[in-house]
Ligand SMILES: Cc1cc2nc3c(=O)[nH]c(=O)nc-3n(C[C@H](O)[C@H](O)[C@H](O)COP(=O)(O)OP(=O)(O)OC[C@H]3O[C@@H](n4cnc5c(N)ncnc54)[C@H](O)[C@@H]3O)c2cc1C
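In structure tokens, one chain follows: the form predicted alone.
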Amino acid sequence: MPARETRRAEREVVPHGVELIHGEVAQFDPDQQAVLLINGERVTYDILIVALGIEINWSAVDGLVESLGHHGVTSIYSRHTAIYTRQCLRDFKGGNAIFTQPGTAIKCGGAPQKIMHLARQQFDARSGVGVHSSLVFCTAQSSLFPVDAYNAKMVEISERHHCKVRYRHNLIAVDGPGRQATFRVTGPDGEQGLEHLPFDLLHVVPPMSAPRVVASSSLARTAAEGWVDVDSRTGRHCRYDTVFAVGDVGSFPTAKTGAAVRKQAPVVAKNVVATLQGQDLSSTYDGYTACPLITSNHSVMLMEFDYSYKPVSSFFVNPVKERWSMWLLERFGFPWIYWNRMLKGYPHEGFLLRPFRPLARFLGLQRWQALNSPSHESLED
């Protein structure tokens, strides 16, 4: 996909009738129902919806800022370095390729592994490169994914692609010119030590956190945690009835993905209307989120789950499986939905499946939830 296809002018995607103020938030004042902008302007509100996303902390890894974009040190978490990543994969001649994941919350928990699997496919497609390549995934986490069924499948895929996984390895320093990455390694008993790994290619997912303007405000549960303190079901602030949050910036106990925002936004919109009308909040969010794990340039495992941390599927199929159909949805369906439905505020709930719902009801099908359920064995393929 050309980079230009991933970008739009902001005014083109703002719904009709919305006033767009170009100004960075400097301070929240929920007691006075106001927001102070960095230019000194004070904006008052009846309802505040915070959607500031997540902050990428490149400088949290020593030497990363100086090395990024050079010496084979790259990341898909910025536009510039995503383009450099493509160049690095294309020019890689073999050697040690290291991919990292921090111990913090990140946007799209599967992305650190997606790029590794795409790299493996590209290396294997070039004569001599694949066999002379060693791919290592260093994660500060103790597993590849918090949902057990998906974690087991991701371990299987990594083994199939000959990718070595090192758990509890947290990247703390990068020496670009010296081609060396330093990790703080936590042992099973909590003991810590340092490990220095040489690399020819280093893909870094930097630590992330709540935006500082939120973490330093009374909207946060604690300054250390930083996220807007919301009720996980309604999206409303736990202390300020006129404040809501959607997306990564909220304290929702689920993965931070676009799919989560897609489900949270309609809930928050209905609850905002209820608040303005003095009614009780009746719309609830069940923690649904999804991560399309790209495992090759023709296969995706669409990992869906909710607050139960059990696999679910919106497509009446076993979600713990790589599919070409889900690759088509990821490549062509989701971008169209994003630009044409989500950002413009159009109804989108079940948009793709709506024409098939009468047939599903006739067949007695519900959203696939029970892994290996005998009643759904016929749906597995």
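Please read all numbers here as calculations on a predicted model, not as lab measurements. One-based numbering along the sequence shown.
Form predicted in complex with the ligand: not shown, discussed below.
**Q** Does the trio 108, 261 and 330 actually contact the ligand in the predicted bound form, every residue with a heavy atom within 4.5 Å?
**A** Answer is yes for this spot.
**Q** Is there a heavy atom of residue 49 no more than 4.5 Å from a heavy atom of the ligand in the predicted bound form?
**A** Although the ligand is absent here, residue 49 would stay clear of it in the predicted bound form, with no heavy atoms inside 4.5 Å.
**Q** So in the predicted bound form, is the ligand close enough to residue 12 to count as touching (4.5 Å, heavy atoms)?
**A** Contact with the ligand, no.
**Q** Test of understanding: in the predicted bound form, would residue 292 fall inside 4.5 Å of the ligand by heavy atoms?
**A** Yes, residue 292 is a contact residue.
**Q** Mark residue 53 yes when one of its heavy atoms lies within 4.5 Å of a heavy atom of the ligand in the predicted bound form, and no otherwise.
**A** Yes - in the predicted bound form, heavy atoms of residue 53 and the ligand come within 4.5 Å of each other.
**Q** Have a look at 266-274, 252-260, 117-125, 184-192 and name the one stretch with heavy atoms inside 4.5 Å of the ligand in the predicted bound form.
**A** It is the stretch 252-260.
**Q** Counting any non-hydrogen atom inside 4.5 Å, which residue from 301, 149, 136, 213 sits next to the ligand in the predicted bound form?
**A** Contact with the ligand in the predicted bound form is made by 213 alone.
**Q** Exactly one residue in 220, 281, 76, 197 has a non-hydrogen atom within 4.5 Å of the ligand in the predicted bound form; which is it?
**A** Selected residue: 76.
**Q** Which residues from 171-185 come close to the ligand in the predicted bound form, meaning a heavy atom within 4.5 Å?
**A** Sequence-ordered list is empty.
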